[in-house]
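First comes one chain, alone, set out as C-alpha coordinates in the form predicted alone.
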Amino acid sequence: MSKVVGLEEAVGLVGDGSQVALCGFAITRNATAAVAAIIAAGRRRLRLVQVVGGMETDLLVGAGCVTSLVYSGGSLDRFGPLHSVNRAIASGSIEALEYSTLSLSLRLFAGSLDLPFVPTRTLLGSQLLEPLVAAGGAAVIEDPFIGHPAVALPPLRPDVAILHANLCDEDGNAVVTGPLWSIRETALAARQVVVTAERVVSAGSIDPGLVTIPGITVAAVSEVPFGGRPTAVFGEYEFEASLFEEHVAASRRGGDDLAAYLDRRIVGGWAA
(Lines give C-alpha, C1' and ligand atoms only; values in the text may rest on other atoms or scores of the structure.)
Protein backbone atom coordinates (compact mmCIF):
# COMPACT_ATOMS: atom_id res chain seq x y z
CA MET A 1 0.00 0.00 0.00
CA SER A 2 1.40 3.39 -0.99
CA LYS A 3 2.53 5.67 1.83
CA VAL A 4 2.48 8.76 -0.39
CA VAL A 5 0.29 11.55 0.98
CA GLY A 6 0.13 15.33 0.76
CA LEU A 7 2.45 17.34 2.97
CA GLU A 8 -0.31 18.60 5.27
CA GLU A 9 -1.49 15.05 5.90
CA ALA A 10 2.06 13.84 6.50
CA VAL A 11 2.84 16.45 9.15
CA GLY A 12 -0.53 15.70 10.70
CA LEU A 13 1.33 12.89 12.47
CA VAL A 14 2.89 15.64 14.58
CA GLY A 15 0.42 16.52 17.31
CA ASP A 16 0.56 19.15 20.04
CA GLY A 17 3.08 18.02 22.65
CA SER A 18 4.83 15.53 20.34
CA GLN A 19 8.51 14.82 20.72
CA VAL A 20 9.85 15.55 17.25
CA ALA A 21 13.30 14.60 16.00
CA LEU A 22 14.79 16.73 13.23
CA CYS A 23 17.49 15.33 10.96
CA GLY A 24 18.98 18.47 9.41
CA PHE A 25 22.48 19.75 10.18
CA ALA A 26 23.02 23.54 10.48
CA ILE A 27 22.48 24.81 6.90
CA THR A 28 22.26 21.41 5.26
CA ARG A 29 19.32 19.08 4.54
CA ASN A 30 16.81 20.81 6.79
CA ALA A 31 13.21 19.71 6.21
CA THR A 32 12.09 23.33 5.87
CA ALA A 33 8.93 22.61 3.87
CA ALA A 34 7.72 20.15 6.50
CA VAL A 35 8.58 22.56 9.30
CA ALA A 36 6.69 25.36 7.53
CA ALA A 37 3.64 23.07 7.30
CA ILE A 38 3.89 22.30 11.03
CA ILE A 39 4.02 26.02 11.84
CA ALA A 40 1.09 26.72 9.51
CA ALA A 41 -0.90 23.97 11.27
CA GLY A 42 -0.45 25.83 14.56
CA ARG A 43 1.27 23.04 16.47
CA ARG A 44 2.34 23.90 20.02
CA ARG A 45 4.31 22.45 22.95
CA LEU A 46 6.63 20.46 20.70
CA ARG A 47 9.62 18.81 22.31
CA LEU A 48 12.46 18.90 19.81
CA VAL A 49 15.39 16.52 19.51
CA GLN A 50 18.21 17.35 17.13
CA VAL A 51 21.88 16.46 17.21
CA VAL A 52 22.98 19.71 15.53
CA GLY A 53 20.35 22.44 15.37
CA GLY A 54 19.83 24.41 12.18
CA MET A 55 17.39 26.63 10.35
CA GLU A 56 14.45 24.27 10.89
CA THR A 57 15.03 24.44 14.67
CA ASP A 58 15.23 28.22 14.66
CA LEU A 59 12.02 28.47 12.63
CA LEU A 60 10.00 26.27 14.99
CA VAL A 61 11.30 27.99 18.11
CA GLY A 62 10.83 31.45 16.60
CA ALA A 63 7.24 30.57 15.72
CA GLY A 64 6.47 29.65 19.33
CA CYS A 65 5.90 25.96 18.61
CA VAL A 66 8.49 24.57 21.05
CA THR A 67 8.67 24.09 24.82
CA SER A 68 11.85 22.01 25.10
CA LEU A 69 14.96 21.16 23.13
CA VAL A 70 17.42 18.30 23.51
CA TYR A 71 20.46 19.02 21.35
CA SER A 72 24.22 19.42 21.18
CA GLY A 73 24.22 23.01 20.02
CA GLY A 74 23.81 24.35 16.53
CA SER A 75 24.29 27.30 14.25
CA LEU A 76 23.68 28.67 10.78
CA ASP A 77 27.35 28.14 10.01
CA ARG A 78 28.86 31.21 8.30
CA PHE A 79 25.60 33.13 8.73
CA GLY A 80 25.68 33.15 12.52
CA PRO A 81 23.97 31.63 15.56
CA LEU A 82 20.42 30.43 16.07
CA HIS A 83 19.12 33.72 17.45
CA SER A 84 15.57 32.54 18.15
CA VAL A 85 16.80 29.41 19.91
CA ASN A 86 19.41 31.25 21.97
CA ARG A 87 16.95 33.98 22.97
CA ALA A 88 14.33 31.43 24.03
CA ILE A 89 16.84 29.52 26.15
CA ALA A 90 18.15 32.72 27.77
CA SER A 91 14.63 33.93 28.58
CA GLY A 92 13.53 30.55 29.92
CA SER A 93 10.67 30.24 27.44
CA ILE A 94 12.02 26.84 26.41
CA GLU A 95 13.92 24.25 28.42
CA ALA A 96 17.16 23.03 26.89
CA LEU A 97 19.19 19.93 27.69
CA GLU A 98 22.62 20.03 26.08
CA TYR A 99 24.69 16.98 25.20
CA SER A 100 27.85 16.48 23.21
CA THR A 101 27.25 15.42 19.62
CA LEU A 102 28.55 11.92 20.34
CA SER A 103 26.54 11.38 23.52
CA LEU A 104 23.26 12.49 21.94
CA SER A 105 23.96 10.30 18.91
CA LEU A 106 24.51 7.40 21.30
CA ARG A 107 21.12 8.02 22.94
CA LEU A 108 19.48 7.83 19.52
CA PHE A 109 21.53 4.73 18.70
CA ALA A 110 20.25 3.11 21.89
CA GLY A 111 16.71 4.04 20.90
CA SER A 112 17.15 2.58 17.43
CA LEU A 113 18.11 -0.78 18.97
CA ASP A 114 15.55 -0.54 21.80
CA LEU A 115 18.34 -0.86 24.39
CA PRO A 116 17.65 -0.07 28.06
CA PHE A 117 20.71 2.20 28.08
CA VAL A 118 24.09 2.52 26.39
CA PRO A 119 27.36 2.66 28.38
CA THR A 120 30.15 5.00 27.32
CA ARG A 121 33.12 6.95 28.65
CA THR A 122 32.25 10.12 26.77
CA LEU A 123 31.23 13.10 28.95
CA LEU A 124 33.47 12.00 31.84
CA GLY A 125 35.27 15.18 32.91
CA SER A 126 32.91 17.37 30.87
CA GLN A 127 30.97 20.28 32.37
CA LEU A 128 27.96 18.93 30.49
CA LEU A 129 27.73 15.82 32.66
CA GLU A 130 26.55 17.24 35.99
CA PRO A 131 23.42 19.01 34.65
CA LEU A 132 22.57 15.97 32.55
CA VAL A 133 22.77 13.71 35.62
CA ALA A 134 20.63 16.17 37.59
CA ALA A 135 18.02 16.17 34.81
CA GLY A 136 17.95 12.37 34.54
CA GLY A 137 19.55 12.42 31.10
CA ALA A 138 22.65 10.47 32.14
CA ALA A 139 24.02 8.49 35.08
CA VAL A 140 27.52 7.74 36.30
CA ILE A 141 27.98 4.02 36.89
CA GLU A 142 30.80 1.60 37.61
CA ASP A 143 32.12 -0.51 34.77
CA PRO A 144 31.23 -4.05 36.00
CA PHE A 145 34.33 -5.55 34.38
CA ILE A 146 37.20 -3.27 35.42
CA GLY A 147 35.61 -1.03 38.04
CA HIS A 148 36.28 2.28 36.32
CA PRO A 149 33.60 4.98 36.12
CA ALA A 150 31.41 5.06 33.03
CA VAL A 151 28.39 6.98 31.82
CA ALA A 152 25.01 5.34 31.17
CA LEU A 153 22.83 7.14 28.62
CA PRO A 154 19.10 6.36 28.34
CA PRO A 155 17.58 5.65 24.94
CA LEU A 156 15.69 8.30 23.00
CA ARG A 157 12.51 7.23 21.21
CA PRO A 158 10.98 10.36 19.65
CA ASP A 159 7.34 10.23 18.60
CA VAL A 160 8.10 11.42 15.07
CA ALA A 161 11.26 11.97 13.04
CA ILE A 162 11.18 14.25 10.02
CA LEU A 163 13.66 13.67 7.21
CA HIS A 164 14.25 15.26 3.82
CA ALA A 165 15.58 12.70 1.32
CA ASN A 166 16.85 12.86 -2.22
CA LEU A 167 14.70 9.97 -3.36
CA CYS A 168 11.98 7.79 -1.90
CA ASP A 169 9.70 5.11 -3.27
CA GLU A 170 6.00 4.70 -2.60
CA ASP A 171 6.73 2.16 0.14
CA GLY A 172 8.85 4.67 2.07
CA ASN A 173 12.33 3.38 1.22
CA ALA A 174 14.41 6.57 1.34
CA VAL A 175 17.76 7.42 -0.21
CA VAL A 176 19.96 10.07 1.40
CA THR A 177 23.14 10.93 -0.46
CA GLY A 178 26.24 12.58 0.96
CA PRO A 179 27.09 12.84 4.68
CA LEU A 180 24.66 10.98 6.92
CA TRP A 181 25.77 12.31 10.32
CA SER A 182 23.18 10.82 12.73
CA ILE A 183 20.28 10.70 10.25
CA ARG A 184 19.95 6.94 10.24
CA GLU A 185 20.06 6.58 14.03
CA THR A 186 17.55 9.41 14.45
CA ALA A 187 15.07 7.94 12.00
CA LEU A 188 15.38 4.39 13.29
CA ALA A 189 14.93 5.56 16.90
CA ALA A 190 11.62 7.30 16.16
CA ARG A 191 8.26 5.60 16.55
CA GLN A 192 7.11 7.10 13.24
CA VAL A 193 9.06 8.67 10.37
CA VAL A 194 7.85 11.32 7.94
CA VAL A 195 9.88 11.59 4.74
CA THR A 196 9.75 14.52 2.36
CA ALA A 197 11.63 13.79 -0.84
CA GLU A 198 12.81 15.61 -3.90
CA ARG A 199 11.41 12.76 -5.97
CA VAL A 200 9.06 9.86 -5.28
CA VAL A 201 9.25 6.81 -7.55
CA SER A 202 7.30 3.60 -7.87
CA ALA A 203 7.73 0.79 -5.36
CA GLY A 204 10.59 -1.56 -6.14
CA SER A 205 12.41 0.82 -8.46
CA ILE A 206 15.23 1.71 -6.02
CA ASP A 207 18.29 -0.51 -5.69
CA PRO A 208 18.03 -1.91 -2.12
CA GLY A 209 21.74 -1.27 -1.66
CA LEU A 210 21.11 2.47 -1.94
CA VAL A 211 18.38 2.65 0.71
CA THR A 212 19.29 4.67 3.79
CA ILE A 213 16.01 4.41 5.71
CA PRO A 214 13.93 1.25 5.16
CA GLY A 215 10.29 1.76 4.31
CA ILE A 216 9.11 -0.45 7.16
CA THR A 217 9.96 2.38 9.57
CA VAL A 218 8.30 5.13 7.50
CA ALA A 219 4.71 6.20 8.13
CA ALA A 220 4.24 8.85 5.43
CA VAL A 221 5.99 10.12 2.30
CA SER A 222 5.44 13.42 0.50
CA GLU A 223 7.03 14.51 -2.75
CA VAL A 224 8.30 18.04 -2.12
CA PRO A 225 10.81 19.31 -4.70
CA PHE A 226 13.11 21.86 -3.06
CA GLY A 227 11.73 20.75 0.29
CA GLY A 228 15.04 21.63 1.92
CA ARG A 229 15.31 25.13 0.47
CA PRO A 230 17.10 27.42 1.33
CA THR A 231 19.45 24.90 2.97
CA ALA A 232 21.75 22.76 0.86
CA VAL A 233 20.81 19.22 -0.14
CA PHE A 234 23.77 17.16 -1.32
CA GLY A 235 23.44 16.19 -4.98
CA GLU A 236 20.46 18.52 -5.51
CA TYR A 237 21.18 22.20 -4.77
CA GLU A 238 23.35 24.55 -2.72
CA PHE A 239 22.27 26.81 0.14
CA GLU A 240 20.95 30.25 -0.75
CA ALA A 241 22.93 32.94 1.04
CA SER A 242 20.46 35.78 0.54
CA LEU A 243 17.64 33.81 2.16
CA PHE A 244 19.83 32.91 5.12
CA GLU A 245 20.79 36.54 5.56
CA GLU A 246 17.10 37.47 5.56
CA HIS A 247 16.33 34.80 8.14
CA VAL A 248 19.19 35.79 10.43
CA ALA A 249 18.23 39.47 10.33
CA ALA A 250 14.63 38.72 11.30
CA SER A 251 15.58 36.11 13.89
CA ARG A 252 18.08 38.49 15.50
CA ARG A 253 15.51 41.30 15.80
CA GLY A 254 12.68 39.05 17.01
CA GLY A 255 9.30 40.49 17.93
CA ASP A 256 7.13 41.94 15.17
CA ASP A 257 9.93 41.72 12.60
CA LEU A 258 10.29 37.99 13.16
CA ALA A 259 6.52 37.48 13.12
CA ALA A 260 6.21 39.33 9.81
CA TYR A 261 9.08 37.33 8.32
CA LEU A 262 7.58 34.03 9.44
CA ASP A 263 4.16 34.98 8.10
CA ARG A 264 5.64 35.88 4.71
CA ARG A 265 7.83 32.81 4.39
CA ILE A 266 5.50 30.25 5.94
CA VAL A 267 2.60 31.41 3.78
CA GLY A 268 4.55 32.26 0.62
CA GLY A 269 7.49 29.90 0.92
CA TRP A 270 11.07 30.68 0.01
CA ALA A 271 10.16 31.46 -3.57
CA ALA A 272 8.08 34.47 -2.49
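Note that residue numbering begins at 1 and tracks the sequence as displayed. Since the structure is predicted, the reported quantities are computational estimates derived from the model, not experimental observations.
From this point on, the text means the form predicted together with another copy of the chain, which you will not see here.
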Handout entry: Contact of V200 with another copy of the chain in the predicted bound form (heavy atom, 4.5 Å)
Key = no
Exercise for the section: Considering only heavy atoms, tell me if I141 and another copy of the chain come within 4.5 Å of each other in the predicted bound form. Expected result: yes
Exercise for the section: Mark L167 yes when one of its heavy atoms lies within 4.5 Å of a heavy atom of another copy of the chain in the predicted bound form, and no otherwise. Expected result: no
Exercise for the section: Consider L153 of the chain shown here, and say whether it contacts another copy of the chain in the predicted bound form, taking contact as heavy atoms within 4.5 Å. Expected result: yes
Practice task
May I ask you to list the residues of 193-210 that have any heavy atom within 4.5 angstroms of another copy of the chain in the predicted bound form, in sequence order?
Solution key: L210
